[in-house]
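The chain below stands alone and is given as structure tokens, in the form predicted alone.
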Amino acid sequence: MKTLIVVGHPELADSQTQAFLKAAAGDRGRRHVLTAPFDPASERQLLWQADRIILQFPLYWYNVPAILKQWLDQVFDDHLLGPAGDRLAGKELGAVVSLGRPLAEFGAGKRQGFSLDDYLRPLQGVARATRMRWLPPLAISQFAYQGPRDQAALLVAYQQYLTLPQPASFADRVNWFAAQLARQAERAQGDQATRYAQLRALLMQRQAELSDLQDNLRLIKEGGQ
């Protein structure tokens, strides 16, 4: 799967969040930083070549930043969609949104008044109009206040958002962790490589045991009907 990460940030050089995401992405997607003026022909080619398009931006006054809105206005046109309006059909559209406020403040009756999904409704409309499948957004809340454990969890969530089927199943996540451990084992040497391999084997053993348990529970349930 080819993932295109479209970064729309007016102060990119000063963003700790975006620097973290750039390092976290690695080779898991093509990172495309928006700079005006745009070359619509080049932008269209990037979109046509991608299977999953991720819009990555900070929420500015409950909306996308001006540069991302300008990009949408200038690039998303009849030529991009084609005569039948289906040149983006079947692709996926997602959003990685950084927030300056706690995510817990978003929701009906809460301080921000509406949910994050409500504020992102226009992007969902873009997905619907272009026949793309909208992915549940990945929200990054107050990155500057996150500790090492929160940032580690974010790294995993972000990498999985770029690469796994969405929403990802438990089995998808287990297989993803197994692949990461195998990757680390190939890069490491000696005892460290052995340790990564052992962890991967243990993970896969536990997954197999869980699958067997689920199968047995299903048989018990079916037998009781």
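In case it trips you up, residue 1 is the first one in the sequence shown, and so on. From a predicted model like this one, the values you see are computed outputs, not experimental measurements.
Omitted from view is the form predicted in complex with a further copy of the same chain, to which the following refers.
a further copy of the same chain is not drawn, but in the predicted complex it has a heavy atom within 4.5 Å of Q124.
In the predicted complex, none of the heavy atoms of P40 sits within 4.5 Å of a heavy atom of a further copy of the same chain. Taking the partner from elsewhere, D118 is found to have a heavy atom lying within 4.5 Å of a further copy of the same chain in the predicted complex. Among heavy atoms of R101, none comes within 4.5 Å of a further copy of the same chain in the predicted complex. Looking at 135-143, 110-118, 93-101, 151-159, the stretch with residues near a further copy of the same chain in the predicted complex, meaning non-hydrogen atoms within 4.5 angstroms, turns out to be 110-118. With the partner removed from view, the residue among L34, I53, V64, L181 that has a non-hydrogen atom within 4.5 Å of a further copy of the same chain in the predicted complex turns out to be V64. Exactly one listed residue, out of R173, R30, R200, K69, brings a non-hydrogen atom to within 4.5 Å of a further copy of the same chain in the predicted complex: K69. Looking at 72-100, the residues that come within 4.5 Å of a further copy of the same chain in the predicted complex, counting any heavy atom, are L72, D73, F76, L81.
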